[in-house]
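The chain that follows stands alone, in the form predicted on its own, written as structure tokens.
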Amino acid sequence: MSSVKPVIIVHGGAKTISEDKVAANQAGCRSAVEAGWAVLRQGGSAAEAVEAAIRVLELDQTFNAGFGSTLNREGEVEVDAAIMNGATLAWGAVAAVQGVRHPIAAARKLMEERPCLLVARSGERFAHEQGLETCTKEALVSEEQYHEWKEEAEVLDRPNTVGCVALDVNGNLAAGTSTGGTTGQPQGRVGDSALVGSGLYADNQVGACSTTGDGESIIPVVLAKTAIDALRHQHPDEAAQLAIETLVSRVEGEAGCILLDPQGRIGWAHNSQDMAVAYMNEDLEQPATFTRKK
């Protein structure tokens, strides 16, 4: 059996990107893609690549995931993340956890467990027991986010969620998401990112999707699964656009999604002003980067 050509695509969130943040958004997504691509080039799995890419975004304060996440009403960072394996439909997720440096790593560990979704202290305890990198809850608060929270500043360019989808040489797909939620959210609020079907979906037979945007709008239209279902009959670009149009026609809210099909074709769409995206495949010498769909 001939190997499949690997592909990886990441997004940095559906949002408005101010001029002074364009370079940081592009550089961050490019670094994430490069980390995931290094895994794929060495024959690593799609799930490994997705985790590697999202870990980079979770350390970059440009993005609303891990360090640099938005602060909730109490001035604390609570993070959600999920990952799904398209070969087996295995999935794992954490929500409303504090002091976990890489929530995507905890989510991936939970793919091998039952239950698959742990929240708050249970998720934090699991991360600690698994030997994952933990920190004080204050360590995930960036200076910029703290000042914005304290001053209740009107912020244009805070993304909702970061995500990644990948196809490996064995033809396996995976999708992942990670987020710090929304600015000033009540303690314990959980959006779409940790929910299979809404924030992400992966099925080797059809494709893989990661979404971003207003969780309360994404969940009722099951955005990721809506995009995957459209992918059965359409090119990923058309399927992504149809999913966003479905959301807009039924509920109010901004959202975006990235898609990959089993052939490695890429698609994405958003109704926010901007959405930072980067992707890489064997036909490119370096990652292609965008801040909005042309």
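Predicted model only: the values in this text are computed from it and were never measured. Residue indices: 1-based, along the sequence shown.
Absent from the display: the form predicted together with a small molecule. The rest refers to it.
- Query: Wondering, does residue 101 line up within 4.5 Å of the small molecule in the predicted complex on heavy atoms?
  - Reply: Contact with the small molecule, no.
- Task: May I ask you to check whether residue 181 falls inside a 4.5 Å heavy atom distance of the small molecule in the predicted complex?
- Result: Yes, residue 181 lies within 4.5 Å of the small molecule in the predicted complex.
- Although the small molecule is absent from this view, report whether residue 207 comes within 4.5 Å of it in the predicted complex, heavy atoms only. No, residue 207 is distant from the partner.
- Message: in the predicted complex, is there a heavy atom of the small molecule that lies within 4.5 Å of any heavy atom of residue 109, even though the partner is absent here?
- Response: Outside the cut-off, so no.
- Only one of 203, 214, 124, 148 has a non-hydrogen atom within 4.5 angstroms of the small molecule in the predicted complex; which is it? The residue in contact is 214.
- Would you point out which of 173-181, 137-145, 220-228, 93-101 contains residues with a non-hydrogen atom within 4.5 Å of the small molecule in the predicted complex? Flagged stretch: 173-181.
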